[in-house]
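Next comes just one chain, in structure tokens: the form predicted on its own.
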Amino acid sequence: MSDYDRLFEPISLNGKLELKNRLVMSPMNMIMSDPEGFGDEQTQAWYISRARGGVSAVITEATVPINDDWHGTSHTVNARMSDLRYGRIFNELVRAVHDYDCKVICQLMTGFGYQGKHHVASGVPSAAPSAVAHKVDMRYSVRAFHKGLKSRFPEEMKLIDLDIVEGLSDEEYYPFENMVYDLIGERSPKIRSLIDGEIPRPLEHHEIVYLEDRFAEAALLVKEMEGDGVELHASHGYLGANFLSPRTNRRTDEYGGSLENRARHIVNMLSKARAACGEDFCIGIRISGDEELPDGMHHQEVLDVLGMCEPYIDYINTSSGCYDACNTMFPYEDNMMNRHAHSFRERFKLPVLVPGIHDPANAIKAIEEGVTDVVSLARAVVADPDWPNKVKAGRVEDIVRCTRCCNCLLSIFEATKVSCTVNPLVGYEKYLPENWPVNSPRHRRKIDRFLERRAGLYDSEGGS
């Protein structure tokens, strides 16, 4: 009996979706879709390689259910699920991943909100609840990216003592911030442009209702295209989270003000999706347990929001922070989100997923101590897609460990091809025959039987 057997026990997500084990792949946008949001062979190979590696489900990158230019994502070419053209391509992905007894949950995100950029072709600005621009605060962000930034900006990063920076008051911090960001801007305007956001256009009331309806339509399309579930992206400072946070939602209509009003958009999306997809379809939510900013949304409010969502959801996917406060959003050590996961699990009778755990010993501990029901692997399976299979086979020492340098994220921010410092195959999965859909064990058997019958036909006719 292995020390990690409990990681490989099956689990049901609220009776809606059966998973073969307690390890899933986290949603990560690796900028593999084309500029119109269509996936291709690389997209398929990316997910197939992780399904082959042993996870029980892949949760896709944040997928946008609209084509409107104000979704704010043209710089990061997110996947889309806005009509049947995208549904057909998604169905190809689903069938390929299903060949490995792996489920597919499509994460849906209505837009980048206050973190979005103007559309590169039309110039249309991103839309958000209110005209508030995002701004990365190094006090709550630089530790997560310190290794990667140090390799890119060695001289500038010498100016930063993490403990000192994190303890600066506002009066001390802002002059220092301007100096460092100006230095970085001279070297990398692309990264500098991500630090200070553009001012978004406030959404009109009818557009908010439109987004709710489009979310439900996209969820139904996922179901019709054989997807196993959908997940509402309501974390990390994207559009859904913008409505929840008092920092970014300053509306005075029924979508702003009180917590109930700020949660209205999220609750409406979930209730409309549930009505469209029926009670048998798996619907989850990804939410930050705390924004980790002084004027942000804090944990008790998050619990209250989840209470409003509970009638419509089947699981809770834990996160933390936002792009203005990245330290907990991209954890620099194991177990940083466990406190939120444990709180969710105690409060609600729903399965809980927790990310940010790279060490199998910490993963099994989180399961056995009741912190979470499922461990969600992100950068751990970027570095080593075979993490689950190696653990199951007792080959823990063979895992290629993520160094948490965030090079994968920084390359995305720089608009260059995604890469990993420890896995040179990242971004090149489509060139490996084992990741081709025709070479899955199930499909291979069908092809071999077909070729045998075909060969028999030629032999009987005396052909060559």
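This structure is a prediction, so every number in the text was calculated from the model and none was measured. When you see a residue number, it is the position in the sequence shown, counting from 1.
Beyond what is shown, the protein has a form predicted together with a small molecule; the following relates to that form.
Of the residues given (H134, H340, H358, R80), H358 alone sits with a heavy atom within 4.5 Å of the small molecule in the predicted complex. Just one of V180, A378, L149, L162 comes within 4.5 Å of the small molecule in the predicted complex, counting any heavy atom, and that one is A378. None of 24 to 32, 50 to 58, 64 to 72, 429 to 437 except one has non-hydrogen atoms within 4.5 angstroms of the small molecule in the predicted complex; the exception is 24 to 32.
Looking at C420, you'd find every heavy atom of it more than 4.5 angstroms from the small molecule in the predicted complex. Although the partner is absent here, P331 lies within 4.5 Å of the small molecule in the predicted complex, judged by heavy atoms. In the predicted complex, the small molecule lies within 4.5 Å of some heavy atom of R286. In the predicted complex, none of the heavy atoms of C405 sits within 4.5 Å of a heavy atom of the small molecule.
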